[in-house]
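Take a look at this single chain in structure tokens; it is the form predicted on its own.
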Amino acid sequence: MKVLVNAGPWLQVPPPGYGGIENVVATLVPALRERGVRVVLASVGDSTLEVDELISVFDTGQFADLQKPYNQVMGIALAHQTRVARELSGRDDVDLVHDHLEVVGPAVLAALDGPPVLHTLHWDLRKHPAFYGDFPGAISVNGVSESQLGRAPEALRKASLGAIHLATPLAERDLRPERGEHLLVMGRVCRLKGQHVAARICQKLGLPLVLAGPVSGLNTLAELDVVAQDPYHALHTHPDVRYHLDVVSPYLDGDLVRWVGGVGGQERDELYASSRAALFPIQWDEPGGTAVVEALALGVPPVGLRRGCLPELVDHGRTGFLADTEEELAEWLLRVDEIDPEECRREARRRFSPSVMADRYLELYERAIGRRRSR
């Protein structure tokens, strides 16, 4: 089988730091190729993931341009997807397109007389109601959790082949640094992730907390200071920047509660694996939960609010704790040592390894091809 995997034009694969969809692609593709699948990757030119072919329009990721007004960036995704469409129209050896580009991907691919398409939904499906409410029937989709699909419009649910939970390469590693005392919130700093809730609880309990993740693409305090001091900077009024400066920063004392910026690679993994627990005080219905499965893979118990995909990923009392209120969340934080790290690791290997995800996707590829033939 030859599959064109469309990662989009925003970040290289794998990304140097933060990058949700690009990390998913970087996790899935090697496992597919181990199973004999040939992969054509549609990404940006500086992607380093080992594939059979790489196609691109842009030499580097265009993520920074996402902060610009729509009329300045609308052509980026369309230029990339036009390149994908041109590639598909000029060859007949691609058996399936696995698309990850939000809206633009299925909108363009549905108009082609090309190979079957499986489009993975990585985001909140309450977005784009006009598009999802009349979703093109020729496109098959899958979600990243049952919770996510449960909130999808009817047309999108009809196109769905089911949900496949995200995976992490960490499930197949054995990283065991010395366990520290700090708790950790890993992820993009924004109100939906609830960093302020974690900071408020940890200050009240006197528990050390590390916040790790970028703020609207800013990865260091120096970068954030430049934006904060310049009222004319394009990011000065960005919601994530204002959230960090106005809501999170008052809790940062450099001792009990710290923000360490964006981290990646070995540094990120060691920060994760040395934490006492990973906090998920999410303020929305999280669809995917990559950080949850990463924590489990490193033997770090997740402790979070019972929303979105978390109840599908965390077995309350066995691999972590789930709470219905902030007060209950604080109580469970005091009991994290009751969770066996080895049980977390075993669960991650069983459910969230790249090999498990690849096998599930191969099943969906066959179903998407069969669905297309039947139509």
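Just so you know, these numbers come straight off a predicted model, no measurement behind them. Counting begins at 1, following the sequence as shown.
Keep in mind that the form predicted together with ligand UDP is missing from the display, and what follows is about it.
- In the predicted complex, no heavy atom of residue 165 sits within 4.5 Å of ligand UDP.
- Remark: residue 354 does not count among the residues lining ligand UDP in the predicted complex, judged by a heavy atom distance of 4.5 Å or less.
- The closest non-hydrogen atom of residue 263 lies within 4.5 Å of ligand UDP in the predicted complex.
- Ligand UDP is not shown here, and in the predicted complex it never comes within 4.5 Å of any heavy atom of residue 14.
- Interface residue among 302, 289, 299, 106 relative to ligand UDP in the predicted complex, by the heavy atom within 4.5 Å criterion: 289.
- When you look in the predicted complex, the only residue of 187, 194, 143, 116 with a non-hydrogen atom within 4.5 Å of ligand UDP is 187.
- Listed stretches are 254 to 262, 152 to 160, 75 to 83, 129 to 137; the contact stretch with ligand UDP in the predicted complex is 254 to 262, by a heavy atom cutoff of 4.5 Å.
- Along 199 to 221, a non-hydrogen atom within 4.5 Å of ligand UDP in the predicted complex is carried by 212, 213, 214, in order along the sequence.
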